[in-house]
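We begin with a single chain expressed as structure tokens, specifically the form predicted on its own.
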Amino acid sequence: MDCVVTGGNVKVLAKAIHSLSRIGDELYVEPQEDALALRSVNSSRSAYACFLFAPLFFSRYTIPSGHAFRCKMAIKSVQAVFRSLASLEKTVEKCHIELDKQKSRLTFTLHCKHGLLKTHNLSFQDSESLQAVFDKDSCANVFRAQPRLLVDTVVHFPPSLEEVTVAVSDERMWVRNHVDEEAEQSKAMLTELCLASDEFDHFAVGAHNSITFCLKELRGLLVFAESTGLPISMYFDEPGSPVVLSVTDSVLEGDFVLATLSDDPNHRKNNSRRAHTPPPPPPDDFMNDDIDAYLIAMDTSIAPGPSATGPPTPSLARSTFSKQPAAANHKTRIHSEEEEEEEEDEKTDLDRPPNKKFCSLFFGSVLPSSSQMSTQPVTSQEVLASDSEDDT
């Protein structure tokens, strides 16, 4: 492989590598006849990114015919080659990328002004092809906007925010920070922005859904899109299906595929059942009150006054209380035991982990709970991406 990148394309290549560093720790390089593919994936296989650079992107692009070459390397070592993004366009005239397969080295040579050469020899490992399976053209919701619109939107969220929720209707898109259900709502800060359809270059809604995904990877793509001025397209369906963020040009294409937070099917089933079932009648206050407090109230809280049935008879209440001490004590013990059992059930519910999980792009679905694991066999899950490291 022998590639030469000149002029402003050197900065575009550097920006793409820095965007991929927001995804994973390894850079997968696969030279093809029609494009040079740079890919990365995170450790949990829930975020994947790929940049394809056409041969016209390079001033020279040659690869050995009839021999497929794939490798991976630490992405931090490639970042070190393009460390100073601000000075690249001013000082670097061209970048020469050459493969030395005998020494297992990928050489990056930066030709700077005044005849200065900077050479970086990076070691690599052979790897299998890394590819995520997704079809963005079949998604029901498709949007395209200029990067400045999305940059001005996410700037309102703190850098520490991990997840955002995007909801759409026929004429609106809402972007808000995701607050965990277990978090204390009174202390949570909620931020929501509403974007009108006329602010987008393309706004097509086929299903009114809301999805939740990680913000870190989106920020990485926004940095690349803003520097190149390319519009960003978003494709998604329902919660649990991946969202695809894409930038496209005549000489390059970038796709970021991110997992979304899947809905709890039990929660949806309970909500639908609750929506179709009429609310139960209000419970009897006597059944909810403590028996001791109720009996003591009967003994001490009867006030004299006129009544349609005659004057009150407190002696009857006292006689009732004195005639059934054993039954009252028995009911009290039963009530105490029921309270202890309810407290134990509440502790068990609190200790149980939350049921919502990110649906992995590359393994298909959320793993079953521990109770289901013990009673049902685990079906094999389709692996949508692979690398050179075999699972043990």
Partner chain sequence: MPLSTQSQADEEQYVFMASLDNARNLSNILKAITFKDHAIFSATPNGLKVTVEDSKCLQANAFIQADIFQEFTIREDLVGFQVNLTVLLDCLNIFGGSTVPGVSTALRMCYKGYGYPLTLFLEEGGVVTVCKINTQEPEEPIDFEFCSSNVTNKVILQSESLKEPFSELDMTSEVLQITMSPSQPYFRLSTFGNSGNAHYDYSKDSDMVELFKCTKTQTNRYKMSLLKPSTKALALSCKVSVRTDSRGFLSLQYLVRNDDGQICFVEYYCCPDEEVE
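Positions refer to the first chain, counted from 1. As the structure is a prediction and not an experimental result, all values here were calculated from the model.
There is another form of this protein, the form predicted together with its partner chain, and it is not shown here; the text below is about that form.
- Only one segment in the set 116 to 124, 205 to 213, 234 to 242, 132 to 140 has any non-hydrogen atom within 4.5 angstroms of its partner chain in the predicted bound form, and it is 116 to 124.
- Although the partner is absent here, residue 144 sits far enough away that none of its heavy atoms falls within 4.5 Å of its partner chain in the predicted bound form.
- In the predicted bound form, residue 248 stays away from its partner chain, with no heavy atom inside 4.5 Å.
- Taking the partner from elsewhere, residue 105 is found to have a heavy atom lying within 4.5 Å of its partner chain in the predicted bound form.
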